[in-house]
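Shown next as C-alpha cells: one chain only, the form predicted on its own.
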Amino acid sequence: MLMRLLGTGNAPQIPVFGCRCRSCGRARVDENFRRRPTSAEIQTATGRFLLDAGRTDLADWVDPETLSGVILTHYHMDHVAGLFHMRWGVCDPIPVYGPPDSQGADDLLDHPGCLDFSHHLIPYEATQLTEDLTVIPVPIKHSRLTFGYIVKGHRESLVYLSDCDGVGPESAQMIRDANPNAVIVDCSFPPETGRNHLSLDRAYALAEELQAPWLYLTHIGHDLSNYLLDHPLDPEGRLVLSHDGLTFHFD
C-alpha cells in the first residue's frame, strides 16, 4: 500500500492570497514550501482512491480509468472543491464514500454528474473497498459531521484525521487497537490558538492519548508555519511536519 499527501494546507493554503508574511513569501519563491488544500491518494495492487479532494486541479491529472473511488472525511468546501470539476467527466460512475451528510456542499449532491454519492459509511463499521483495502470510519470532533479513517491493507494500517479538533474515547480506543504504522492528523494553529482544528499543544496531547510513536501533521496554516520558523519541531520528537508530495510506502 502507498499513500501520498497531495495537499497539506488548510483552506487558505500557503501562500495565502495577499499575505506578505515570511511563510507565504517563502512559498511564492520556493515550490517546496507551497501547501495546497488537503488531499491525499491511496494506491494498492488492486485500486487507487482519492482521500479528500480539496485540490481544484484534480480533474487536470487524475485519470478516471485508474480511479477506483473517492473517500471523504466531510463536506467542507476545502475538502471537496476538486469534485466540482471532476463531476462533469465523461466516464463510468465513480463511487464516493463518506459520512451520511445530506447537506453536502453547494449543489454537489443535487448535480453529481459522474460521481455516485450513495456510498454512505457507518461509524466504526469496516468497509472493504477492494480485496486489499479496508476503511473504518471513526467520528472525530469538528464543526460538522466528520470521519477520520483507519485504513487497512493486508498487514499494514494507517490513520488519517482531518479535520480534527480532538478524538472521542471510542474512536481513540479503536485507533489504539489498530496499532497503525502512521497517524496523519490535522494541526492548523500555533499553541493555544484557533478552534475546530488542532493547535500544536493539543497535537502533542493527542499523540499521548493515541499512544502514537509519532504524528504526521497536515492541514497546516500559515500562522503555524510562521511559528515553526522560530520554534522548529524536535527532529527526534513525536511530531513530524508533513509536506505536499510526502509518500508513505507500506509492505
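For every residue, the number given is its place in the sequence shown, counted from 1. Just so it is clear, the structure is predicted and the values come from calculations on it, not from any experiment.
What follows is about the form predicted together with a further copy of the same chain, which we do not show.
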>> Which residue, 85, 154, 176, 120, is the contact with a further copy of the same chain in the model of the complex, using a 4.5 Å heavy atom cutoff?
In response: 85
> Pick from 145, 109, 77, 126: which residue has any heavy atom within 4.5 angstroms of a further copy of the same chain in the model of the complex?
Replying inline: 77
> If we take heavy atoms and a 4.5 Å cut-off, which stretch out of 60-68, 41-49, 179-187, 211-219 is in contact with a further copy of the same chain in the model of the complex?
Replying inline: 60-68
> Does a further copy of the same chain come within 4.5 Å of any heavy atom of residue 34 in the model of the complex?
Replying inline: yes
>> With the partner left out here, check for me: in the model of the complex, does some heavy atom of residue 105 sit within 4.5 Å of a further copy of the same chain?
In response: yes
>> Taking a further copy of the same chain as it sits in the model of the complex, is residue 239 near enough to touch it, meaning that at least one heavy atom pair lies within 4.5 angstroms?
In response: no
> Contact between residue 95 and a further copy of the same chain in the model of the complex at 4.5 Å, heavy atoms?
Replying inline: no
>> If the criterion is a non-hydrogen atom within 4.5 angstroms, does every one of 13, 56 and 89 touch a further copy of the same chain in the model of the complex?
In response: yes
> Using a 4.5 Å cut-off on heavy atoms, which residues of 148-183 contact a further copy of the same chain in the model of the complex?
Replying inline: none
